[in-house]
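Taking the form predicted alone, here's one chain by itself in structure tokens.
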């Protein structure tokens, strides 16, 4: 069963288009969304959340196609880089406000998160650090029985310790069956830690959407000599980088010869080398 299905989604702007996006996010999985700035990640998330309306295509969330009903919205936990709580409210105020917004709001769970995150209950949100603000928004997202978490650059700008803590919370969230997470981030190492599948968007198009482990196992980063490079069919080179002292290439594992020096690439390296190949 899919928690989110995106079918033939197109959204046009004067200088950018999201083109024919097809995506399945299965229940019980975490999908990481990668791509350079302006690739279309936030546009896709905004369409899923109903913050902008697609020109073509259909989005189905928990069996609710077309438009988000109030009931469906109750099951979404949202953490956006730009969407914060009002500056003047406190965590105590937030609890009161959320009780009127969510049918299944759990005050004790919310305050447990506040204690775990060391968030002061009576201090205005404007006084929080960025890390504290993201923790506060995540505490809200995790305290109303959400079935789907949608995070857009939620770990951006946070120090490694705070990021690691937030990622552990996401893994805890997935311990309950039939939940799903869609997480966009430029920090690919974070996605490598928590994601089951990875989708790469480039210039408004999906380049790949694949199981993370299969994806990493499918490629190798190869160190080549100039002579070796001359003997390789250019079509076998996913992406190429001429360094000062060596030549590196991303290749499918089936094309790797025994005398090549190679290793598994990171998710970031796969994206970078594919991007180089797309620009050639």
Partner chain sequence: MIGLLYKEFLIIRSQSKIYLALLVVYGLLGMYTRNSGFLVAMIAMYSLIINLNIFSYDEKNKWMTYALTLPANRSELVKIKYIFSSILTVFMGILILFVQMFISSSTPFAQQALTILVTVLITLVLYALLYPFIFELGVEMARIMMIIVFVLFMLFFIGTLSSMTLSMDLLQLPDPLILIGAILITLCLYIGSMFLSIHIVSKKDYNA
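Numbering follows the first chain given and starts at 1. Because the structure is predicted, anything quoted here is derived from the model rather than measured.
Only in words, not in the display: the form predicted together with the partner chain, which the text now covers.
Residue contact check for residue 90: one or more of its heavy atoms lie within 4.5 Å of the partner chain in the model of the complex.
Taking the partner from the other structure, the partner chain in the model of the complex has no heavy atom within 4.5 Å of any heavy atom of residue 29. Within this chain, residue 38 is remote from the site of the partner chain in the model of the complex, having no heavy atom within 4.5 Å. Proximity of residue 117 to the partner chain in the model of the complex falls outside the 4.5 Å heavy atom cutoff.
With the partner removed from view, the residue among 187, 78, 207, 167 that has a non-hydrogen atom within 4.5 Å of the partner chain in the model of the complex turns out to be 78. The contact residue chosen from 58, 253, 52, 247 relative to the partner chain in the model of the complex is 52, the criterion being a non-hydrogen atom within 4.5 angstroms. In short, of 133 to 141, 172 to 180, 196 to 204, 157 to 165 it is 133 to 141 that has heavy atoms within 4.5 Å of the partner chain in the model of the complex.
Interface residues of 86 to 101, taken as those with a heavy atom within 4.5 Å of the partner chain in the model of the complex (partner not displayed): 86, 87, 88, 89, 90, 93, 96, 97, 98, 100, 101, in sequence order.
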